[in-house]
Structure formats: C-alpha cells, structure tokens
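As structure tokens, one chain now follows by itself in the form predicted alone.
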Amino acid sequence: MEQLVQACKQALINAFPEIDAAQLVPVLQNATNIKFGHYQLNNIMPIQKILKATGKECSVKEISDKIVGELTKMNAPMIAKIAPAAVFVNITLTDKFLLDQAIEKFMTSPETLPKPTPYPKQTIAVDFSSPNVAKSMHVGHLRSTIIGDTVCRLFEYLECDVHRINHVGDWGTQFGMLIAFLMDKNMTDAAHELPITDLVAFYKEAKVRFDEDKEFCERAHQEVVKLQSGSELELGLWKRLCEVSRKEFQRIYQQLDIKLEEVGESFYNPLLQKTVDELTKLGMVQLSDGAQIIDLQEAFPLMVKKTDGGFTYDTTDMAAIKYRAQDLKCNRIIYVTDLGQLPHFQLIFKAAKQAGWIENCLPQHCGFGVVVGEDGKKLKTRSGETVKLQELIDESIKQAEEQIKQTKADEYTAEEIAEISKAVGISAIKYADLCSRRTGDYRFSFEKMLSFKGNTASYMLYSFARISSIVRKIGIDRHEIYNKEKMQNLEITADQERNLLVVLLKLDQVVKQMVEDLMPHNLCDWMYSVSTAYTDFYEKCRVINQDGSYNWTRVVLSEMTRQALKFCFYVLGLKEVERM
C-alpha cells in the first residue's frame, strides 16, 4: 500500500505547507467498518495539536475538509471514494487497484511465496531452543524452539542472512558432575552406549550425589576446571555425553521440521579468557571476594570468573554477544528465552554496549511466558515431573489420528491417515503456541488445539485443503491460474470479493509489525481473518456452478487466498495438507 501512503503524504503537505513535512507522516489504520471505507487517515487530531502549538486555531472540520480537498484534487488512481468522518478521513480503494496489488503480491507462480516486503539485507542471529546435554527436551523448550524457528523463517523470507543458533548447554558444572560420577562407576568406556533415558536417570543420580556429598562436589568442580583447560580424558568423556544427547535432540527437530546450527557453550571456551582480559583492559572488571565481576549498578552484577578460576554463564554470554556482533557481523541478535531471563540479558546488553561491542548491532530479548495446563498451573506429569517434549508430540499425533479415524476413516488409506495425523498433530502444537501472545502464559489443551472450530491449526489446514480441491474439481492445472493474459479481464461483482482482497492486502502491514515486535500471534490473527473472509466469500459467491462451469475471477481469488495461507504455513512452520 505504499502508493496510498505516498498519496496521503503529499495531500497532507499540500494542505498544510506551514507544517514541517517530517511531522506529516500519514497515520493509516484499517477502517473499523468496511462499509464506510477500507482505511482511515487519522492525522486530524495530531495536526490540530501542531497548529495550536504555533498559535493557530483550527477546527476538526476545517482540517478534515482541507485533507479531503487535497486528496480529491490529486485524483489518485487507487482511491475510489474519500469521506470525512468525525476525527478521521475514510478512504475507499478502487476495485482495479485492489486486484492489481493482489495479483502483483500473490500471483507469481504456485511454487513461490508472495512477493516479500522490501527489507534491507541484514545478518541476523537467532539464539533459540538451547536444551541441556544429558537431559531430555521437555515442554519448557517447546516455546523457545517454535517461536525461534518462526522468527528465523520470517527473516529468511525477507532474504536476510540468518544464523539459527542452538546455544546448547554442553559445558559447565554439570559435566564435571557427570564425568566424576562416570569415573566412580567405572563407566568411562561406556558413556557412548547409554540411551538418553538411561543418561537422564544417570544425571539425576549424579545430581543427588553432587548435592549431598561434599567431597564428590569438590571433585566435580575440579573436573570442570580440567575440562575447561582441555584435558584429553575429560574432553573424550564430554564428547560421548554430548553425542548421546545430540541424537535425541535431532530426532525431535526432524519431527518438528526445524533446522538449527549447534553452537553450544563449549564453542566459546577458547574465547573466555580473551573476553575477560579485554573487559579488564577496558576497566570494567573488579574483584569481589576473590571473584571477578562487572558491576553495572543494577540489582546484581555479572560474574565473569569464579574464585576457583572457573568461568560462568555470564562469561560465555559476553563472549557470545561479542562473537556474534563482531565476527559474524550481525545487525541484529535475537535471544528467544523465557521472560525470567530478561534481567540477565539486559545486563549482558548493557555490558556489551559499555564495552563498545554492539555499536552497529541491535540485541533484542524475545521473551515468552510458561506453558501451563488447563487448570492454569505449570504443566507437569501426574508424578509432578516436567512433561517431556517427545511425549507431548507423540500424544498430539495420536489424538489427531483418532479424530481422523472417527470421522473419515473410509476416505483415506492407512498411509494417508498417518501422514495427515502427523501434519495435524504437530501443526496443532505449533499453532496453539504461536497464536497466543508470546509474553503471556501458554495454556495447553489437546482438545482446543485439535478443534476444527475457531482460530486453530485444524481450521487453517482444512481451509487450505478446501481451496486446494478447487483445481481438482474444475479439472485444470494450477499453473493456468497464473496466466497473465487471463488476469487482465477479472471483474469484482460482490462485496465479499472486495472484502477478501482488502484483508489479503494487509499482509505487508502484518509482516512489518512482526519484524519490529517479533509477535507471531499477529500473523496468526491475520491468517484467521483471511480464512474467515474466504469462508464468507465462498458461502455467498459461487466459485463452481452446479453445471460444472466456474467463475474465473473467483478461482483467482481462491488461489490468492491459498497463497496467503501457504505463506503463513511457511513462516509458522505448519505442514500443508492438500486433502483433509
């Protein structure tokens, strides 16, 4: 809608030459009632305030009339109607403009996504998922993994260079504990043979010993120092432990169709002392009870070196932000973690800025709330343990399969049911998370997420499948719809067609907003509005007639909607389903 923005901008400048043009930025919002227009120009009150500050009194009506007059004189080809309404101006767009814009945006080819919104070429690092080695991924990793993947997909769509960083917990105290325990159990040659379930049980047993046995605790700390200094024995045991966990993590990532580049805490080990030395040279490090800290005059300091000479998570995060900003030359670094870690990252950002490391880089914390059950309490198993992510995925697929078998068992083969169940089950988990505001708690419910009613993945997948069936019913190749010559004579004849186009063309606004605030629920809300607008269109505007003939304009509108949904599926990581 850049043409409309520019037209409004010029009209405001022409109407009020006494005001600095920089203050006349068009405030265009979606019309509250589409009967009166497609957009509202909400500059009247701000302009009145600016004029009053200069000693010039102007009524709302006078300002409104000036804007309407200038827009009318411009005779902008995209505007069909201009009408003043209280403290804003209603703007209705022409059918031709709506069609031309939608064709340019959505109708390149069936294989490509809608034309990207212009965005500067940037290098962006997204730090997400980040499970801990020797532990199973649990429901607490769900949101980071899913939200982080969506953020990556958004910037990849905008043709940015994206680093998908999995900052796994593969270093630190827990490894000293595990290595010491392996030695005590004479299992130093068998660590690679342990399945993840045994390794998790092994971790719990070691943790009890660590908490209760002071001598063992001290040995564990010594093993950490040996590991950090590069001892061959400790490094060999560490590699085996990491490999066991890595296989389990990868199985879940493949199921979720999520790609990550593992750059764990261990990657930064060679950089830690250099990082501390540089911070010390900058005068930022001071001693405190034998430890080395950075006091930023906040509630608590950063500790970059412990009294025993070991490094900390703070040291690793400082090394990581420096590496990402200076070595990777990132324009933006996004950390996707729970909101509880926000104070920590605020300190990291503040220290990195003070060190002069992020002058050309924007660090950003993309925080989220916890996963809770239907009772509003933290989601746990009946025994009180954290729910494992693999169990959650398996249960969602199972319930989706039961649902399909109950309603459409005769329509599909066993292989098709398995394929659709997997798509629905995994998409349901992702979408239920993403359509919730990420800063709030995510209320988990299989019943709600698998429902075909309302703003759910099942409803979106069904809408996509229904539109996809149109080309099969009319017996054409989908590529025919993209024939440019056939698009020259399209004709809008119903309000539902017009309304659908208006909703579709809000995509750029949604993408722009999501780039800024990293809130996936806004994209979900737009997809839901597209689906509901299409349902209204489909019910009142016949696409295929009873005699088998069809309305070509409506076939094209259906394909535009399919492309819009396809775009959302791509960014949100949902699986397309042609039949459902």
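The first residue of the sequence shown is number 1, and the count goes up from there. Keep in mind that this is a model prediction, so the values were computed, not measured.
There is another form of this protein, the form predicted in complex with a small molecule, and it is not shown here; the text below is about that form.
- In plain terms, the part of the chain that comes close to the small molecule in the model of the complex, with a heavy atom within 4.5 Å, is 124-132 out of 403-411, 456-464, 124-132, 147-155.
- The small molecule is not drawn, but in the model of the complex it has no heavy atom within 4.5 Å of residue 349.
- Although the partner is absent here, residue 421 sits far enough away that none of its heavy atoms falls within 4.5 Å of the small molecule in the model of the complex.
- Using a 4.5 angstroms limit between non-hydrogen atoms, residue 90 is distant from the small molecule in the model of the complex.
- The shortest heavy atom separation between residue 175 and the small molecule in the model of the complex exceeds 4.5 Å.
- Distance criterion of 4.5 Å from any heavy atom to the small molecule in the model of the complex singles out 141 from the list 305, 164, 141, 105.
- Residue 345 is the only one of 97, 482, 442, 345 with a heavy atom lying within 4.5 Å of the small molecule in the model of the complex.
- Shown here without its partner, the chain carries 171, 229 and 231, none of which come within 4.5 Å of the small molecule in the model of the complex through any heavy atom.
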